[in-house]
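Structure 1 and structure 2 below are two forms of the same protein chain, each written out on its own as structure tokens.
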Structure 1
């Protein structure tokens, strides 16, 4: 994947391969700017690589049209972005339910699941607060609940504990690991926390060797 940079381009993830087996968890560590967020965006099909191929359950996604890809992503992948992307007008429950709304009907079962997920991340009391009235860490936990809402096959989480105190961060990693295990989903989590990284089935370290200026 390359981006424009100054007069030239910066090549990120040059020669990187990554396979996530079904139902397993993988943590990715590496210094700032080495390409972790870029890797998650590529895995999610939100960016298109200059070369190479992304496959979901064996299927190359490069050939899929934008609409098909977006619909497939909504059920296949749950994402926790580094900068949450919550909808400011909706309360916490509304933000979690938005994931379900995108793929279909929102009925009592979806409402119950959304409320249960908010309770699991410790936000039962905050369900009716809009993001502006939530702390950074609370917003992050809403984003975690939203990522899990549609029972995705793969959860991609970008520093989901970055803003959290030790105990709350520990709790969020536990919820991600538990819910993914319950649903036999795969989890890819970017973290700078060695203790959190140690809890996943596999650990990867992305080196700056894969970063080149051209």
Structure 2
């Protein structure tokens, strides 16, 4: 994967292979600017590689039309971002349900699942609070619940504790690991925190455009 720069291109990822087995967790560490977020975006089908292939459950996604890919992503991939990206006008329950709205399914069963997920991440009493009235850790827990709403097979988390203090971050990573395991979702988490990385089933380090398993 490369990006245009002036009269040429900057190579960000070259020869990187990343296989995530079903039901496992993988942490990826690396220096700032080494391409960790780009790798997650490629795995999510949000960017298209210059060469190589992305496969979801063995199926190449490169030939899928944009609409088909977006619909498939909504149920196959759940994403957690460092900056939360919650909708400020919606309460916690509404933000979790937004994932279901994207695939056109918002009924009693989906509302119950959203409420159950908020309870699982410790926010049952905060379901009707808007993001402005939630702490940073609570907002990230809402984002974790939202990522799991459509029962994805894979959750991709980009520095999910980067904006949180140490204690709050530890709580969020614990919830993320535990709930993904309960939902049998694979987890790929990009993090600078060595202690958080050590808690995943597998660890890797991205350096000089190569992903090295540790």
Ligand SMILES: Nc1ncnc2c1ncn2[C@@H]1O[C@H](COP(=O)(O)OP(=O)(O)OP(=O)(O)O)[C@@H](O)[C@H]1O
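Positions refer to the first chain, counted from 1. Given the structure is predicted, the values throughout are model-derived calculations rather than measurements. Superpose the two forms; the largest set of C-alphas matching within 1.5 Å is the rigid core.
Between the two renderings of this chain, the form predicted on its own is found in structure 2; structure 1 comes from elsewhere. In this overlay on the rigid core, residue 128 has a C-alpha that sits 2 Å or more away from its partner position between structures 1 and 2. Superposition on the rigid core between structures 1 and 2 places the CA atom of residue 102 less than 2 Å from its counterpart. A displacement of 2 angstroms or greater separates the C-alpha positions of residue 118 between structures 1 and 2, with the rigid core held in common.
Relative to the superposed core, residue 137 has its Cα moved 4.8 Å between structures 1 and 2.
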